[in-house]
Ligand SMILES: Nc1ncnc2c1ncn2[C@@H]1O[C@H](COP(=O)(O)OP(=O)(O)O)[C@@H](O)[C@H]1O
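Single chain ahead, by itself, as structure tokens, in the form predicted on its own.
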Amino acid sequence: MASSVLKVSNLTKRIKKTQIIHDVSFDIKEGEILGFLGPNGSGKTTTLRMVVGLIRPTSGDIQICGHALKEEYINAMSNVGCIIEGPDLYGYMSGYKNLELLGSMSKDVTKKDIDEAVSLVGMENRIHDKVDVYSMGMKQRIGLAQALIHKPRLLILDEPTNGLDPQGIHEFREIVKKLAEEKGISVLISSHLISEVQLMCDRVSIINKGRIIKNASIEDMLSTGEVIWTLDDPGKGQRILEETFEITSTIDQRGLSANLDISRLPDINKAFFDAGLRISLVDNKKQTLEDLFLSLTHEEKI
């Protein structure tokens, strides 16, 4: 089982007499992408600021690659690359010069590290152009390269696709997924583009009013538990569900449908097959992440 690159345990934050973060806990495994979602004022930004050490928690623990942020700040943060509120770049310099300038602040960053970061974000052909002529998507790629030159094990991306067009969003998403899958980099990503989080992330943590209210894999989070079968004899299927599995079902224009624990589905399908039923389609109905987000946070708009 992959180890936790980031582990947040019982994090709280109190400002004067008001507690704004309540026992927040989540973790990110190696090579995993975790989406961090919350409406405005939910405590999302405050939590991210605590994770990167910009503000101190009132209580709780943050561990990065086994190093406690409170006691081993330098060792912990040496494993982190961040894009918070957009990349900070000098427009009159080339993308490469920007990376060299940042790399010169650390004795550990080599030319090879910079070249590898440029390659990872797909900017080889334009890296020596001035930043002033870059599109927003190209600037975001350079910002990502900045975060990568130290070879971090954890990337923290706060609204990384802000201002990007659909093509830029797609390209950025594919780069992030490639970093996780091929380089084993863990990613914590905060975004208001919920459909993008659904496409990009392995798991999602939803925070509201300073509390984590849902923390699960995308697959588990979106499954409604409703299964719909298209059978040659739905009435016979309904009898099998009720008599063999004690599951109540309905038949309508969609087919035979029932709410059930998805882990029972293989046994049910086998029973249908053994009974001579022909199964044309099995569909596990899912909701969108946006629907779930709205229902959990009771927000009318995102």
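When you see a residue number, it is the position in the sequence shown, counting from 1. Note that the structure is a prediction, hence the values are computed from the model and not measured.
Only in words, not in the display: the form predicted together with this ligand, which the text now covers.
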query: Option touching this ligand, based on a heavy atom within 4.5 Å in the predicted bound form, out of 35, 31, 43, 57; finding: 43
query: Contact flag, residue 39 vs this ligand in the predicted bound form, heavy atom cut 4.5 Å; finding: yes
query: Contact flag, residue 294 vs this ligand in the predicted bound form, heavy atom cut 4.5 Å; finding: no
query: Contact label in the predicted bound form: residue 15 to this ligand, heavy atom within 4.5 Å; finding: yes
query: Partner contact for residue 20 in the predicted bound form: this ligand, 4.5 angstroms, heavy atom; finding: yes
query: Per-stretch contact check against this ligand in the predicted bound form, the hit in 43-51, 65-73, 253-261, 230-238 (non-hydrogen atom, 4.5 angstroms); finding: 43-51
